[in-house]
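Here we start with a single chain on its own, the form predicted on its own, put down as structure tokens.
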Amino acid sequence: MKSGKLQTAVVGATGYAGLELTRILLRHPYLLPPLLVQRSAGSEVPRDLAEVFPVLSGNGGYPLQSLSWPALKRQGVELLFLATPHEVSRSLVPEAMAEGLRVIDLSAAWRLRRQEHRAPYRFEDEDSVSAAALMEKAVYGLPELHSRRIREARLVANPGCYATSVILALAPLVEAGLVDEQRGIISDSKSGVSGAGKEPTARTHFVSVADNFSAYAVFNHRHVGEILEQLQLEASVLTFTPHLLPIPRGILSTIYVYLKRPVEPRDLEATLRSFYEGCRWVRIFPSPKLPQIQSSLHTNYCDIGFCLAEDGRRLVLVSCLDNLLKGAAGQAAENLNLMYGWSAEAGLA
């Protein structure tokens, strides 16, 4: 466990996940106030985070500084958070690692091992050999699955929000060999608008979202690759359909599974609870009680519940989380705590 207080920096605090991350780091008992960094400079760029998020006004100021590796080293930064677009993280991580920094990246830049899963992001690496070497060192930052490797990691790739909700629901059953993959898995997932990021688009404009509910990116959502890799599934097994809810935040995934053999609800619940024993931020609901988005909002919990048909083989799982916390900033803080040997609750409870 590290002694003394750690100096961190956040690139991308002006986004929704970046704001949540900044708030967590400011109240974290083992950290100095984080340095807030932005890549651009000039008169049009905000100088304080309160200019972007007025809710922070009146608290003494949250200055934004331009990205400079020498400046970060002079200020004693040891760990860098990237809450930046995927392509930006792809270019910044090699530089940060060369400076000796540990990195937690909230983007998808370093999550995916297989080229076919990275292809939708169209990364263009200046040095493909170095990028491939870094990819081998990156650890997928899902604490419930990879806590041992995260502790030693220099580069942690924070999972996607949809992927977190689906992987956590399915992982215990896949590991137990209960899932009948020949029958396929269907994940019907819904997210609040903040999951699309801070920059507005035609799809996320208020007029498009309000009083509406829509599916998108059917068969080609970028998070599918994460689910397949982490659960070691073939692409033909999973049908994943994301939907946009007319709410600011929150995710609910309804997952339909056939089991290889009949099981009793109590045995299924025992499988879930055993898998997540000691995992602070996963809550298992007793059947037939099911999670709801409002119960996990503004928390770092992933809530998982299920209903099992009378035949004991047709299973519906429901997984809920806050896409900006357990699906992004909160999970990044979990990874920080693992990397430095701190309590899973530090900064989060």
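Residue numbers run from 1 along the displayed sequence. It should be emphasised that the depicted structure is a prediction, and the values quoted were computed from it without experimental measurement.
Omitted here: the form predicted together with another copy of the chain. The next part is about that form.
- When contacts are defined as a non-hydrogen atom within 4.5 Å, all of Gly197, Val218 and Ser236 contact another copy of the chain in the predicted bound form.
- Though another copy of the chain is absent from this view, in the predicted bound form it lies within 4.5 Å of a heavy atom of just one residue from Arg113, Lys73, Arg151, Arg183, which is Arg183.
- Proximity to another copy of the chain in the predicted bound form, defined as a heavy atom within 4.5 Å, singles out one entry of Ser130, Thr241, Ser147, Ser274, which is Thr241.
- Interface residue remark: Lys190 is counted as part of the site for another copy of the chain in the predicted bound form, having a heavy atom within 4.5 Å.
- Using a 4.5 angstroms limit between non-hydrogen atoms, Tyr16 touches another copy of the chain in the predicted bound form.
- For the chain shown alone, Val45 is not a contact residue for another copy of the chain in the predicted bound form, no non-hydrogen atom being within 4.5 angstroms.
- Looking at Ala98, you'd find every heavy atom of it more than 4.5 angstroms from another copy of the chain in the predicted bound form.
- Stretch-level contact analysis of 170-178, 204-212, 79-87, 118-126 against another copy of the chain in the predicted bound form, using heavy atoms and a 4.5 Å limit, identifies 204-212.
- Contact residues in stretch 229-259 (any heavy atom within 4.5 Å of another copy of the chain, taken in the predicted bound form) are Ala235, Ser236, Leu238, Thr239, Thr241, His243, Leu245, Pro246, Ile247, Pro248, Leu252, Thr254, Tyr256, Tyr258.
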